[in-house]
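As structure tokens, one chain now follows by itself in the form predicted alone.
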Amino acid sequence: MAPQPKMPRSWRAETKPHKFCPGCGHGIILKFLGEAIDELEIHDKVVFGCDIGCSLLSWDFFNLDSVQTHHGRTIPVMTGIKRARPELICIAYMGDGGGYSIGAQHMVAAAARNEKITAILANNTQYAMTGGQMAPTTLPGQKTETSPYGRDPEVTGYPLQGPEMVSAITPDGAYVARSSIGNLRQLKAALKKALENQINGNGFSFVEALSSCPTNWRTNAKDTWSFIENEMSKQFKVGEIKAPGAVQGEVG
């Protein structure tokens, strides 16, 4: 009998293999989110909310109370649940479109109010579910369905630096980090700290995870990892950006 991969206890086994494309980063992010939930033993307290876009495929991913929201509205839905039931651990999971485009106003408002929820955003530099169009995170020169000659910053601006924006507008108590599926230890640590920050009642917690989309990037395994580790990491610096008790500007 072939060895079976070990799944986090918080995963829902009957929905695996998951629905994401081969090579997609969502499954990796969600695996380490599951491990963080396991280690913190908060299964009975978590409410998991997911956005429209590829992230909607996580609606039945966990053995947790879960809700799928309208596009870009995951943060306000989880904020409402948290305000009604402060003892719950509320997680808003989304892609870069849901968090930085249609949902940008909710990201900004929740961060400014220091809402005590945890937001996790997968950044794969384009709108994946609808065919690979240019997104707020598309790199300069990157070709997409709506930037066939490469993104021109003179016309469409530069990629949005989401964690840096959130860090600038959050009060003390917030936790902000950028991680990558290329560094699993750092990714898991950031997710766990973001959950712990909510458990401790400190403030808004936000983790952006650099993710992959070989389907729309049209890349093989080697080129996929090269794009994440070389191209994306040049534009988006990985590390802790803000943490309670840390010196402002310090990167972990």
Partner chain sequence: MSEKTIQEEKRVFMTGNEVVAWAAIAAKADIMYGYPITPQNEIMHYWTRLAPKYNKTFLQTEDELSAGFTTVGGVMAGRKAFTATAGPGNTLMQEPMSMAEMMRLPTVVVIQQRGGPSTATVIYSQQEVTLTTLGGNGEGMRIVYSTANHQELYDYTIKAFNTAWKYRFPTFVLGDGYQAKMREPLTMYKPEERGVQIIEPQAFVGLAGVPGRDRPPAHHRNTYNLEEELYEKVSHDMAEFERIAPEVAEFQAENTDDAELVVVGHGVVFRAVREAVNNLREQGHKVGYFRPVTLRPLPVQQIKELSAGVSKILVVESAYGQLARLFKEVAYGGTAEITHLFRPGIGITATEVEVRVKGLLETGLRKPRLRKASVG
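For clarity, every value in this text was computed on a predicted model and none was experimentally measured. Numbering follows the first chain given and starts at 1.
FYI, the form predicted together with its partner chain isn't displayed, but the following is about it.
- The candidate stretches are 165-173, 104-112, 146-154, 131-139, and the one lying within 4.5 Å of its partner chain in the predicted bound form by heavy atoms is 104-112.
- Put simply, of 197, 216, 68, 224 only one has a heavy atom within 4.5 Å of its partner chain in the predicted bound form, and it is 68.
- In the predicted bound form, residue 12 approaches its partner chain with a heavy atom inside 4.5 Å.
- Its partner chain in the predicted bound form comes within 4.5 Å of a heavy atom belonging to residue 60.
- Although the partner is absent here, residue 160 is not a contact residue: none of its heavy atoms lies within 4.5 angstroms of its partner chain in the predicted bound form.
- Residue contact with its partner chain in the predicted bound form: residue 189 places no heavy atom within 4.5 Å of it.
- Contact annotation for 79-113: residues with any non-hydrogen atom within 4.5 angstroms of its partner chain in the predicted bound form are 79, 80, 81, 83, 84, 85, 88, 105, 106, 109, 113, listed in sequence order.
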